[in-house]
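Take a look at the structure tokens below, where one protein chain is shown in two forms, each on its own, as structure 1 and structure 2.
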Structure 1
């Protein structure tokens, strides 16, 4: 069987010229190389080199093997280098799953400095999961889950990265605009825009409307934040979004926000990982970076 050592021997011979020097380069004896090749010759049924004077010359078979070694040896070495990097935790891939639509823009602010700091780590962001982000984390489809609803499991670990208030967004011209906070009943005649996810995962329903047994006049889904806020600004409806997100748009759009209920809906974004993965340097670094980015 053709082994890596054979490739190395042929390669060393062509580089060094003599078998003796080749042996030295490989930290073996001349005898070892001679025996190795002799055995291989027996296996494949051809000679690999012939003595020419007191040097060696490769036969057709030898040249083939040498050609192979020129192609394969660098790949072996390259992969070993990669493995070293992986071992040192300098390299790998971080597949991030998002269960929090508006968090995407926040994530981008964390990803940018991270990529600079870890040039060998690839980041991939996924937003759709057939069986939920939690299951995806379990099944190694992703390595990190960004979610406002941590479902604690023994095999997983969550890190809160920042807290915020979920606020109701209305147009500046909206009747509710001046108020400090709203009651569930005040929304009963409104059009509510949300992202296209199950209602039970929307806090405005699960923590506000449903407990009070209230509904809105109409519930419409919109995919992107920008469009949603445009619609709200034009007075066609209202929506509920993280306070920090609304702030970013308040200067450019005629919108304002108010507290949802007297207490408000206080939330926190969590990063979830599999237990054990906190040993991976770039994973913990990502979490640190996320916390620091959010404090600013």
Structure 2
């Protein structure tokens, strides 16, 4: 029964005082304005205003509607402004799914300047999608996927933001510490620490040990990078991590890294989005910022 136009008319009548001025303020003809109110009066069964000379006076029903308009019209206007900003890509939210455990530290270096540049855009990082990031992207549960292993699909777009070498990390006191690179057979008596990811998705297995039909003495799972490297530094085992991440800890821990195989394992980090989302300005800006941050 009540529509937004009725609230706007009552607000204009109260502010302007006359039908003519109210119609001009709303860019309506006087007849259209009067017709709208007469139709409402017929529906509610009472008058909304009364004439006093050239001016109009709101009745009790009119004042009640006007009181409602004072609360709701500003909310309408504010929401419309927000929707316009969303449509223009000036505000919104960016939900990022992580398929790269050690990339969290790198991501923080991108998020901080991004939030400064886009104060109206919120960021949420979801690591629970480590095992189903692609599905989450398809289902609109996330807006961007950080992954070292992109699965290229027609509906998705991937942007490489930086390349790196995956390296074997050992304690400085480890017998392998002095070597430039390691062979698969040399790891057969080692304890290998990894993140909680299926072995077939771990590069040290899929690209190094499995093709050589080799394995390690024991495979242990550790969730956090810091604890993993502390265990390696204490001589409890070895691990494989991105070279850039190892460099961040080499100055504070007695660890070193060597190439995995003579050729090494070269990787890239990709940001994956749904096709078309690159037209959203803050999404494009995040990708550009990620590329610039990675070059520093």
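Under this definition, the rigid core comprises the largest set of C-alpha atoms superposing within 1.5 Å between the forms. Numbering follows the first chain given and starts at 1. All of these numbers come straight from a predicted model, not from anything done at the bench.
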Among the two displayed forms of the chain, which is the form predicted on its own?
2
Can we say the CA of residue 19 moves by at least 2 Å between structure 1 and structure 2 when the core is superposed?
yes
Determine, after fitting the two forms on their core, whether residue 246 shows a C-alpha shift of 2 Å or more between structure 1 and structure 2.
no
Taking the rigid core as reference, the Cα of residue 46 travels between structure 1 and structure 2 a distance in Å of 3.3
